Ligand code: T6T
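Here you get one chain, nothing else, as C-alpha cells; it is the form predicted on its own.
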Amino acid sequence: MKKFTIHLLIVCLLISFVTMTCAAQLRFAFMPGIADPFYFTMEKGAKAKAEELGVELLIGEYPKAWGPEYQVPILKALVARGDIDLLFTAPTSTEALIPVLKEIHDSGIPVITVDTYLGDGDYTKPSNYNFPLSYIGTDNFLGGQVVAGQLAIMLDGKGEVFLENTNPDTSSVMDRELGFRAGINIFPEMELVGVEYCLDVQETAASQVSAALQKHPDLAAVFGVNVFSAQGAYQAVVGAGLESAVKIATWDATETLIEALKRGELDLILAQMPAQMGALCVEWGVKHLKENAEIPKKVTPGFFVFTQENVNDPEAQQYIYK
C-alpha cells in the first residue's frame, strides 16, 4: 500500500510538472508580407530560434500578392484563435495596417513589426502608430546609399541610372529609393533619370525597364529594389543583350539572382539578413514576456554585398536566401 501511494504521488507530480510546462509555453505568430524567398528564409530563422527557446510558432498563410487587401484577412483569422502571446509581422502598408495592428495590440497581444514598419518607423515619439514593441529590420536607407556608392565605383562616378521600385506606400522599398537618391546626389556626373513602380509584379518590372532602355539609350545602370523588381530588371537588360553595357544592381540574395550574378548577367546584390530578423523577433519576444526586458525600438541587422568577385567565396554562401 505504501509503494502504491509513493508511485501515485510520483505520477501526480509528473502530471503536474507537464501541465505547468505546457501552460508556461509561449505561443508566437508570424504573419509574412508575401510568398517569396526572403520571407521563407525569415520563417526558417524564426522556427530555429523558437525551437531553441521552447516557443510554439504559428505561421500565417502566405499572401499570394503584396497589399493590405491580401494580408489583413489572413492576419485577422490568425489572431482570432485567441491564444497568441505575441505577433510579429511585416506590414504591407505604412498607413493601412495601423488600425488592424492597433486593434490587435489593444486586445492584449504585443506586436513587433519586422522588415517593414508603420508610419515613419519612429516608435519613440507620440503618434497613432507607436504601439509596436520594436521594428526589427534592415536600415534600408543606408542600404540604398551603399548600392549607389557601389554603382558609382563601377561607373567611375558618371552616367545615367534608373530605379525600378515596387510599392510607394511600403516603408522598406521607399527607404531604399530615398537612400539611393541621396547616394547618387553625391556624384555630380551621375543622374537618376527615372523611377517606376511594378507593384511586386515581375513582368511589369521587365516591361518598365525595357521601356527605360529605349527611352534612355545611354543608360549606364539599373537598380531593382526587391526580389520581383530585381528579377524583372535584369531579365529586361539581358533580353535586350545589354548586360555588358548596363550595370545591374539588385536587392535580395535569392538563388535565382545569385546564379545570374555567377553568369555575369548582373553586377551586385545586396543581401539582407532575413533569418536573423526572424530569430531576433522570437528572442526579443521571449525576453520581453519572460524577463520583462525592454526591447530596443529599432533593431537593425546588417547586410552583405555580393559581387562577381566574392559570389563563390565559402564565407559568402551563408547570406544566400534558401
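For every residue, the number given is its place in the sequence shown, counted from 1. Please read all numbers here as calculations on a predicted model, not as lab measurements.
Only in words, not in the display: the form predicted together with the named molecule, which the text now covers.
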Task: Triplet Tyr39, Ser172 and Val227 all within 4.5 Å of the named molecule in the predicted bound form via a heavy atom - done: yes
Open item on the list: Quick check on Asp252: any heavy atom within 4.5 Å of the named molecule in the predicted bound form?
Closed with: yes
- [ ] Evaluate Asp115 for contact with the named molecule in the predicted bound form, applying a 4.5 angstroms cut-off between non-hydrogen atoms, and reply yes or no.
- [x] yes
Open item on the list: Is Phe28 part of the interface with the named molecule in the predicted bound form - any heavy atom within 4.5 Å?
Closed with: no
- [ ] Quick one: find which of 257-265, 46-54, 31-39, 288-296 has residues within 4.5 Å of the named molecule in the predicted bound form by heavy atom distance.
- [x] 31-39
